[in-house]
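Starting off, we have a lone chain in the form predicted alone, written out as structure tokens.
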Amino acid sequence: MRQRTHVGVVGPGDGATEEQVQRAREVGRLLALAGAVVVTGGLGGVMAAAARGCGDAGGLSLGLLPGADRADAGAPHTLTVPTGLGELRNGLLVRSSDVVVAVGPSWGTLSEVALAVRTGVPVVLLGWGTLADHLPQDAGVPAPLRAATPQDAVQLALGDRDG
């Protein structure tokens, strides 16, 4: 049986802009339509929007919550795991994902992008503007890919994984 691709969708929580929320919802919807599992940090903003878009398309989403209370989930994920790990759950999210789509920057998102790059998990950046120009370029370490639209982000994230 073919394993579903797990795509981490990360980005700002409560401070997310309306554009980031709309983009994340569309990313979640498109991932679900492609049969991918959406993995988020389980809270608001980009995380909730991706889960909502995934749910709108009948997909599966997993929210890895930082706290110990399942009731803290920011949207109706298919499954939630209250990790009790705080910000350390970012590492769990990255290691649970085959690829990460980062919809806009925040401090927590930067940590997830860094962990993914350092551990060989491919990263797609959406809505990072010129900040992406200032990310470190380490020899032998694949740089994050850049997407202009949610459709581009999903195409880059899935590549030939589901083919």
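Quick caveat: nothing in here was measured; it's all calculated off a predicted structure. Throughout, we count residues from 1 along the sequence that is shown.
As for the form predicted in complex with a further copy of the same chain, it is not shown, yet the points below apply to it.
- Item | Close approach of D56 to a further copy of the same chain in the model of the complex, 4.5 Å, heavy atom | D56: no contact with a further copy of the same chain in the model of the complex.
- Contact of G127 with a further copy of the same chain in the model of the complex (heavy atom, 4.5 Å): G127 lies outside the contact set for a further copy of the same chain.
- Partner proximity in the model of the complex: G45 to a further copy of the same chain, non-hydrogen atom cutoff 4.5 Å: Looking in the model of the complex, residue contacts with a further copy of the same chain do not include G45, since no heavy atom lies within 4.5 Å.
- Message: Can you work out whether L115 and a further copy of the same chain are in contact in the model of the complex, taking contact to mean some heavy atom pair no more than 4.5 Å apart?
- Response: Result yes; L115 sits at the interface with a further copy of the same chain in the model of the complex.
- Residues from 95-118 in contact with a further copy of the same chain (non-hydrogen atom within 4.5 Å) in the model of the complex: Heavy-atom contacts to a further copy of the same chain in the model of the complex: R95, S96, S97, D98, S106, W107, G108, L110, S111, V113, A114, L115, V117, R118.
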